[in-house]
Structure formats: C-alpha cells, structure tokens
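Just one chain follows, in the form predicted on its own, and it is written as structure tokens.
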Amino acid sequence: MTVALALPPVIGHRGAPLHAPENSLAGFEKAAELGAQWVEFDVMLSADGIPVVHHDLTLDRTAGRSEAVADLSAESLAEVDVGERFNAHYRGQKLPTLAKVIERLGELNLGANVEIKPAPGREAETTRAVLAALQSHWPSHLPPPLISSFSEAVLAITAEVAPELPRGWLGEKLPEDWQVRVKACGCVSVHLGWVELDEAAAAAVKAAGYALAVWTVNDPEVARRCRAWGADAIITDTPGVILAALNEQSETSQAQFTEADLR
C-alpha cells in the first residue's frame, strides 16, 4: 500500500501538557511556541451532542469536578476551568469546543491528529458529529486531519462517512492479527505505545507500508531509539525537548555520513 500521509517528526500530545493545560487552547499555543507542527487531541460529545476537546470521561483530573463530560451541556462545559488545576497562571482557561480548537489551529498553522474518544455507547453519534465539524470547518491551508481511535467501530464509521480523511489505528501494542484489523479500517498509520514497542514490531509496521507514530515519549533517548527503528512521528508531552533531541540525532547522523563519504 502507499501511505498518503506525511507526518511531522514530533506531535504535541494534547498540546504540551508538561508546560500548559492539556487539550486547551493555551496548550496548543504552547506546542506551537515550542516548535510543534502538529498536535494530537481528544474529542468527545457534550450531553447535547456538541463535540468538545477533553480526554477523560469525567472532569475530576482536569477541573476537580466529579461530573461526566457526557452529562453536561456544551453551555455548561464552556464554563469549566481546565487551567487553574494545572497552574494558577492558567486560571480562566476554559474547556474548548472542537469548533474553537479548529479555529485556533488555523491561526497557529498547526496540523492535527484527532483522536475520537466516545463515551460508552456513543461511538456512532460521536464519530458522525466530529466528522461533520471537521468536514465543515477544517482550514483549507492545513493538511487533512488524521483521525485515530482505540475503537475500531469509530474507524470503520470514519471510513464510511469521511473516506477522504486519513485514519490511524491506535493501540498499546501490536497484536498478532494487526494487519487484518488495520486493513479492515482502511488505516494508513499505526500508533503504538512506546513501552510495548520493540524493533521487530516497528519494522513490521514499516515493511507493510504504514506510517508509524509512537506515543507518549518524553525521554529523549527513547525518542531517538524509536526514530532509529523507523518511527515517522513521536507523540510527546514536551515537543521542544524531543524536537531538540531528534535534531541533534539528525545532525550527528549527517555528520557521520559526510565524514564517511569523504574517506
């Protein structure tokens, strides 16, 4: 297969959550400031069916509240402060809708890996709402968003509703039947956790013609190792640190190549 996808070497995981609140407008701004060309973020639905950008099913970790995102209206969620719990400096940073994030990405010139993360039982509803928003509002000057999910049902619906959007199969590790499952979803990339990744798995993905993204890598040595194994993109909480590490690796490789060429 031919991969119709060009991933940047570094993707900001939920923005840059070691530096700013995750999945927030401030976080995406920080990722761009740190040199990221793309960000990854999570989308789920409010109670009234509006796509909002948030990872957890509840607001406990990000806002210190016990409610589930899926139980609150978009109007109520728009008043949820997801900044103060991270740092008082970010007090007033509100939980954003997908529409607001798309607008800001256009202003920041940031591409995106959009992870569709439905609440249980809302797979179809969430996927269709997210895709409708992306198809209607995605900035034409940005590369098409890469849709990923742990849910193969989500990926199958995406293939049906928005076949023009590239899809990424997301998993902790590579299962034995991975090629059948990835092909069934029409994916062009495979996204694997670094903890379970080894050189053989990386090589298998690349040999089959898929792009490989590795998450969530915050250690420069691990990032360099994954790139040496063929990873196209490193998804990280600290884009600036990992970019610097990969640039240093590239410069070292180039210097070694030049030195050998001159012998």
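When you see a residue number, it is the position in the sequence shown, counting from 1. Not measured: the values here are computed from a predicted model.
What follows is about the form predicted in complex with a small molecule, which we do not show.
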Any non-hydrogen atom of residue 14 within 4.5 angstroms of the small molecule in the model of the complex
yes
State yes or no: in the model of the complex, is some non-hydrogen atom of residue 215 no more than 4.5 angstroms from a non-hydrogen atom of the small molecule?
yes
Residue-level contact is defined here as any heavy atom of the residue lying within 4.5 Å of the small molecule in the model of the complex; does residue 167 satisfy this criterion?
no
I'd like to know whether residue 150 contacts the small molecule in the model of the complex, with contact meaning heavy atoms within 4.5 angstroms.
yes
Segment that reaches the small molecule in the model of the complex - one of 219-227, 38-46, 24-32, 197-205, heavy atoms within 4.5 Å:
38-46
